[in-house]
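We give structure tokens for two forms of one protein chain below, kept apart as structure 1 and structure 2.
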Structure 1
């Protein structure tokens, strides 16, 4: 009966008596705290499940029941849900960050690693093969990873050519495998080689073949995005000035797994892929869950380009990047 109908008929608003209030409170405890179904509650109190539903709805409306959703302060539920809806994502986690945060970009990357580690602990199962790209965000994730289901861990690309290719360079993959008590398949090779012939030769090396041959088995992949600027992209930092500017003139604004993208998410330099050791976009498209890690305002436009590739069904990012993506 509507309010207007009540006014016409002289019906007064419902005021629950003490017994109904106590009974409703008991039903709410059963439903919200003990996890009982409305059918179970109806049977216990000798009423229909429809009346249970009405009583709970009325209690919520009148304030007898108050649902208090409390997230840790570092998680942004509203923007997380907005990103999930806007981009059709399965996983979307936004963590809070402030431009004036002490420690600046390094602290934001550390938070990104911690949140991403928590997500992996939550979603990785014993049936999974976990693929990790190389990058500073993955290196930030590594020490935060304290729990992980037993799984195989595969490195999805070589490491930066600007540092020695040694055990430290693949520590993230080795640690993830150690935490999960699984097998690690690292790639002891640079991401970018001087030419295609050298890259093809390295791809035939037994140790590298062992990892690359498992790209097709990966079920969950964690990928980072780089922007086209110094310190923001492994490929940018490895190239000379002339190549950097050439690719910039072609519209490059992002790098994902060694592949250069324009603002629309299209591959800019297909010839460069011959020089890299990394999982291909075709292989990534066959991975059921591909999570993008992105932090910092300087990577916001690059993150938007990465999402346009259609490769990703998950993201972990900070509020600054999320605001850009939702603008």
Structure 2
């Protein structure tokens, strides 16, 4: 009889008959949903296990059987995976953003905060020392942080209390520590100081040294990336017009933890590094997990530059930036 089976499968586009369709459907359910083995299925239908395998195979290939992966709609599995693979990251989460909405930047940041908070709740363990940079993204993250293992939280840089909302700048670190019931090490100092001497002095100041001396113990750091433009970088906003232009002319493309980077991820202005209170790249490089928060198409190029530093093994970003990074 098997020799005659061919008669019905000979046609090239393979007009599957109703029998084969329902049989394939039944076999698919047996195999994928009920977990039966192909040998069992073969016995049930009186065919060889090879035929079962081939039927499922072709059914999957021809789209008769389709399996879709249901994620919360805000997560973009495909780009997350692509990003992770492309940049060799350990954590890569892309959330969906409406690129068209220009006024929605704050909204995007808000969603970034929610997603990042979820990530922290997930990956931070009791043994971790969590380091948080300061910035608008962290401020968006903070209120979304509802669960966190009991860990130590260290602030990784000073603040720039320029805007009213920044009054509670260190609130993020305090809240994270509160949620985790762990110890907090905030930094009550500006991010950028007039000169290196002042910065060096402050770094040794009691209370600040408390935090700074723990930079080396951080096991998971959350870092944001700024672009060189108004409202896109805490450093940019803290500088005067002359310096802004100066650094722009030097090719500044991104700002990471107070460090200015060109498009290749190289530090542009070492002298500025002296004037900041923030975790250094050397220290960051020793942190096992460094996660980059990057939202908004305006920071796309900056994000690409930041990734080129090789400091990061994790990223949380939106569809728009992900598209740019994958292009």
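Take the two forms, find the largest set of C-alpha atoms that superpose within 1.5 Å, and that set is the rigid core. Residue numbers count along the first chain shown, from 1. Since the model is a prediction, treat every value here as computed from it, not as a measurement.
- Working note: structure 1 is the copy from the form predicted alone; the remaining copy is not.
- Relative to the superposed core, residue 27 undergoes a C-alpha shift of no less than 2 Å between the two structures.
- When two forms of a protein are overlaid on their rigid core, residues whose CA moves 2 Å or more are considered shifted, and residue 54 is one of them between the two structures.
- The two rigid parts differ in orientation between the two structures, with the smaller turned by 36° against the larger.
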